[in-house]
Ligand code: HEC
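There is one chain below, alone, in structure tokens, taken in the form predicted on its own.
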């Protein structure tokens, strides 16, 4: 019974939704400036299709999307580490009245919208029985997640949706995009420091296998790696998840075997493409809203060449691959909620950089210019805002007319962009701003530090990756981006010193 309760909770959490009526004729004038999230034409032109011609991805129609129920955003309460929780904390919360904290009618200034967006950023779409907190805290402690200075884990939250009902919250934006530094300082929107908290879930092996299939199946490739899961035990599935270092996750639509580095959201306002694979164009705030809606569950409802992931996530509902659940049974964010969320994400600022300008960093800036690094990592954003094709991908002519493409092939591993549902055939050129507080690096987080990235030994098959290796992998090459590997030791040290000032 507990397994079914937990499965139902995560299934609800993965399916983001909002309510049916078109409210634009009923709301005050301020809301007229809020873009429409589910603009079918904007989705069609904004989302880059898979790198194969026979695999169209079709998103749900606007009529279906806007018939979903609006998510009510209640006040969230902090989750403390086991050693720092105040006595009687949960008992006191059980006496609290539910408090709705998002009211678009009260948002009048830019700061009002940003503050409301912070509430959305922290609000979990998955609510679980409160006894899950003990399980999650154990996983956090065993994997070495730092505790914030105030004794909390900001990745998690507690919600009181009804007096006397205390729920554990998971799967908010903050879950992945909160970085805790070793000194306990919190970087909101930074590359997260969180493990896979669904270890051991669901407890039924058949449901667990179906869940992984729904998250990662790629119907248009031969020998889909996720098929291996159908013969695995829960312990074996958990072992694969546990092999991922902090800062790397098997995000839905990627792969259990090729996870992805958690992105840093600070500075995303200036990025023209979203996702490691440049999956969505970022032309305006509406695109950011659509990207958030997709990633909080709406893409699980999409049709991937005849396969709908929602069917695999909720086998208890008796759905088939090509069937959708009734929209009234699902939740989503409202357009004002997503607008506020995007405003908050756009407002995120980097923490103070402790690395000042020095003689070595000045020499490193000269090395950066001399080696032509600015071609792809162009100041002042240290990012050209272009896509670069993966090895073996032929750029279609219409892409050359539509997208900003740097034709240089840097040779990194192709699995993420060629063999997952988030694949496009491209990788997004990353910004170098903030690399001093980020890590691990590379799109799968294979190396822990900048020093490791510029180590020429990583190209060898006997290299031991310092970040993500893969379950049961002792050594493997971390290919690609050979630039800077042949520099002298002094030039490498100077270049790294410069990069850490950005």
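Bear in mind the structure is a predicted one, so any value in this text is a computation, not a measurement. Numbering follows the first chain given and starts at 1.
Form predicted together with heme C (HEC): not shown, discussed below.
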query	finding
Residue 438, heavy atom within 4.5 angstroms of heme C (HEC) in the predicted bound form	yes
Contact label in the predicted bound form: residue 115 to heme C (HEC), heavy atom within 4.5 Å	no
Any non-hydrogen atom of residue 453 within 4.5 angstroms of heme C (HEC) in the predicted bound form	yes
Heme C (HEC) contact in the predicted bound form: residue 375, any heavy atom under 4.5 Å	yes
Listed range touching heme C (HEC), judged in the predicted bound form by heavy atoms within 4.5 Å, from 130 to 138, 366 to 374, 205 to 213, 391 to 399	366 to 374
Selected contact from 330, 168, 311, 173, since only one has a non-hydrogen atom within 4.5 angstroms of heme C (HEC) in the predicted bound form	173
Residue (of 345, 180, 156, 298) lying close to heme C (HEC) in the predicted bound form, criterion heavy atoms within 4.5 Å	345
Contact set, 464 to 489 vs heme C (HEC) in the predicted bound form - heavy atom within 4.5 angstroms	481, 483, 484
